[in-house]
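Given as structure tokens, the chain that follows is alone and in the form predicted alone.
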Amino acid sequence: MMIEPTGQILGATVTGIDLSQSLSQTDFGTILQTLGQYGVLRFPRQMIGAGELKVFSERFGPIQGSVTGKFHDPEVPEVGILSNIRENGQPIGLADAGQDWHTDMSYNQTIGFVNVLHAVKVPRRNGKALGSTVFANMHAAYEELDPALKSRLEGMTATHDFNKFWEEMLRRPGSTRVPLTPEQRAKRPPSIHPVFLTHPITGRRVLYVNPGYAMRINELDAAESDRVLKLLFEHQLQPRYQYAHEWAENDLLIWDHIGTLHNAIPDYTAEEHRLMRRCQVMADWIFDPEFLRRSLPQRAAA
């Protein structure tokens, strides 16, 4: 396995490994440690089916399914389909997934750990790949936060709500989403998390709020919460914290939800087809000391 950092604030390319095959514990531990270090890992030229994608993703934790029950692989429902392709007049996948700044599953009581995304079709125009995904580094955002604000917010919590992002997407022109039913809303109730988290792999602090789902800092009154969240969002999305990944067919990308935010750029048309397979992995295991001891033996020994 070879690891080549991008040289930017996030990201590394990993080669010399076939993710469709069963990983040794040593290789998995290396991937996990590297993910903590670089936040976003690209594995190019991965020929991997939906079932194999599920098996690989499950090494990191349990997979979250779709809230609507739609847009997943017909044989492997844990694998979601993101696409603007229509067949027989019907969409085959979720067309507008991730098209604003957020981190997946911060709205859950058990937060998200990683996304695993495999590029099947990448839109191109004049030879240039479209539909890049942009990431922001929340380790760096925390470390460079104003010390007085950092001290003030220590120990505070924020409420995250799945419906905030869903409703925002509904308001976009041409959206094909429909409002969540009461039953679907009940599957994604709001949750509360610390504004600052300690990352389980790096041991460093991260800023854990995001524009997509964070609604309120609970220890502040409503007006002050809005003011502080606006300030935090502006701070964490500064260009110096960002890294853009330009997709190629058969790229497999893993990114760390705890230490990054992301935004899918919709700079392609309905006729420029994009097709991705996705697994959303929960953080049930990554905060478990026993899982870390087994997965990162070098760190445990140190």
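Residue indices: 1-based, along the sequence shown. These numbers were taken from a predicted model, which means no experiment stands behind them.
The same protein also has a form predicted in complex with a small molecule, omitted here; what follows describes it.
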- Message: Counting heavy atoms only and using a 4.5 Å cut-off, do T30, G39 and H199 all touch the small molecule in the predicted complex?
- Response: no
- Query: Looking at the partner-bound form in the predicted complex, is W255 within 4.5 Å of the small molecule by any heavy atom?
  - Reply: yes
- Message: Residue-level contact is defined here as any heavy atom of the residue lying within 4.5 Å of the small molecule in the predicted complex; does A244 satisfy this criterion?
- Response: no
- Message: Given that the small molecule is not shown alongside this chain, does A264 nevertheless sit within 4.5 Å of it in the predicted complex, heavy atom to heavy atom?
- Response: yes
- Item | in the predicted complex, A97 touching the small molecule (heavy atom, 4.5 Å) | yes
- Interface check vs the small molecule in the predicted complex: of L82, A119, I217, I111, the one with a heavy atom inside 4.5 Å is L82
- Query: Which one of these stretches, 136-144, 70-78, 149-157, 99-107, sits within 4.5 Å of the small molecule in the predicted complex when only heavy atoms are counted?
  - Reply: 99-107
